[in-house]
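Okay, here we've got a single chain as structure tokens, the form predicted on its own, with questions on binding and movement later.
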Amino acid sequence: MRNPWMQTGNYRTSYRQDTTIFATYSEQLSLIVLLLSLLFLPMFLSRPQMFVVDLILVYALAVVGLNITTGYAGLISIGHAAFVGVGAYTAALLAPALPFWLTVPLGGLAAAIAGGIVGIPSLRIKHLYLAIATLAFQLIFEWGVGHSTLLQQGGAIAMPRVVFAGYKVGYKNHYYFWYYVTLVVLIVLAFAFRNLLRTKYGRALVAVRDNDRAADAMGMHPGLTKIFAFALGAFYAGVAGGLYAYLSRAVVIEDYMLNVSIELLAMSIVGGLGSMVGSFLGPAFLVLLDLNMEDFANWLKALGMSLPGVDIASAMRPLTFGLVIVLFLVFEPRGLANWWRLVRNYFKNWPFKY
């Protein structure tokens, strides 16, 4: 007899059952517990800690978009931060006239249009050549912003304070307010893409990634699917950029340059390409690792492991960042999502070993 709480076998008898998001009630319950924990998390964190959590959520939303393009569709993108910047600058230009619940999705829409345009070269090129094309867009974005008087030539563009339901979000509640806004947006968009994977459009992304010629023979359109992947991934990045603009209270070009694109790509690799869970684990891991590098550097100084004239904290950050990427690529190419899969399977099989 089937146990709805434990997955003791495959009892699915229809395609509808095979495409369900949750296989058992225990999976639904664990998700509810997680969401409730996130709902009450701000009660136990200080204001600086809330900024770190907000940053992780924004990065997670951007990495979900990058995973759509690179992880699920197999299209390498090195200019993802530029899409984040398009959303941020669009929100900055519209913020004085429109409320945030309109500027943020409009920023995502502007980034989606840019993503669709950048995806056009994918009709003819792939792999390294496509990566260079996305890199070109990143450089064009930086040059365009740096030479545009409308965008302050890359200088800071201040974001206004938000008024929501007649209440003006002030200094003390700023990070707490944007935590809940970003959390809701992340949950909605994550569930939206998870459901998209159950449709023919989501399956087309994976089919084109595995073999675009076979997908073409099966009646899919590889070209339109690739452009769709770029546009959808850029939309998620643009929404993340709009939220980050309001969170940081200013839009500056340094937040959307090539090094940020590399960081986002590293987060997707460390978390696990083609994994929704990895889109959350990767940003959390690298953001917390970066924040703890200063404490680690101070610990090394206390042990006497320092060089005259060398700032260990500044040197450890890029060194650790590169080392983590190399170690994951060599020893765990499937990222932290694979560790999560192993832990989950252990509890599913316990107390058995098979």
Partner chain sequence: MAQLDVENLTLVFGGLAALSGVSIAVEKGELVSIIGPNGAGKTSLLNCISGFYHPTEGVIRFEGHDLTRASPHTATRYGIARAFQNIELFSGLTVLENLLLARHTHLRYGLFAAAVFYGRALSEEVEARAYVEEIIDFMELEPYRKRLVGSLPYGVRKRVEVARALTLGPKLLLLDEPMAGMTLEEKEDMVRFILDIRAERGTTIVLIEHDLGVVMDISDRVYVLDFGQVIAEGTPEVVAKNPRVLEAYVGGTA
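Residue numbers count along the first chain shown, from 1. From a predicted model like this one, the values you see are computed outputs, not experimental measurements.
The same protein also exists as the form predicted together with the partner chain; that form is not shown, yet it is the one meant from here on.
Asker: Answer yes if any heavy atom of T24 is within 4.5 Å of a heavy atom of the partner chain in the model of the complex; otherwise answer no.
Answerer: No - in the model of the complex, heavy atoms of T24 and the partner chain never come within 4.5 Å of each other.
Asker: Quick one: does F191 come within 4.5 Å of the partner chain in the model of the complex, counting heavy atoms only?
Answerer: Heavy-atom contact with the partner chain at 4.5 Å: present for F191.
Asker: Would you please decide whether A204 lies within 4.5 angstroms of the partner chain in the model of the complex, comparing each non-hydrogen atom pair?
Answerer: It does: once the partner chain is placed as it appears in the model of the complex, A204 has a heavy atom within 4.5 Å of it.
Asker: Report whether the minimum heavy atom distance between T19 and the partner chain in the model of the complex is within 4.5 Å.
Answerer: Yes, T19 sits close enough to the partner chain in the model of the complex that at least one of its heavy atoms falls within 4.5 Å.
Asker: Of these, N259, N173, N195, S148, which has a heavy atom no more than 4.5 Å from the partner chain in the model of the complex?
Answerer: Exactly one listed residue reaches within 4.5 Å, namely N195.
Asker: Within 4.5 Å of the partner chain in the model of the complex, heavy atoms considered, which of V163, M218, A97, V184?
Answerer: The residue from V163, M218, A97, V184 that makes the contact is M218.
Asker: I need the one stretch from 84-92, 113-121, 270-278, 206-214 whose residues put non-hydrogen atoms within 4.5 angstroms of the partner chain in the model of the complex.
Answerer: Result for this chain: 206-214.
Asker: Just give me the residues of 228-255, first to last, that have a heavy atom within 4.5 Å of the partner chain in the model of the complex.
Answerer: Sequence-ordered list has one entry, F228.
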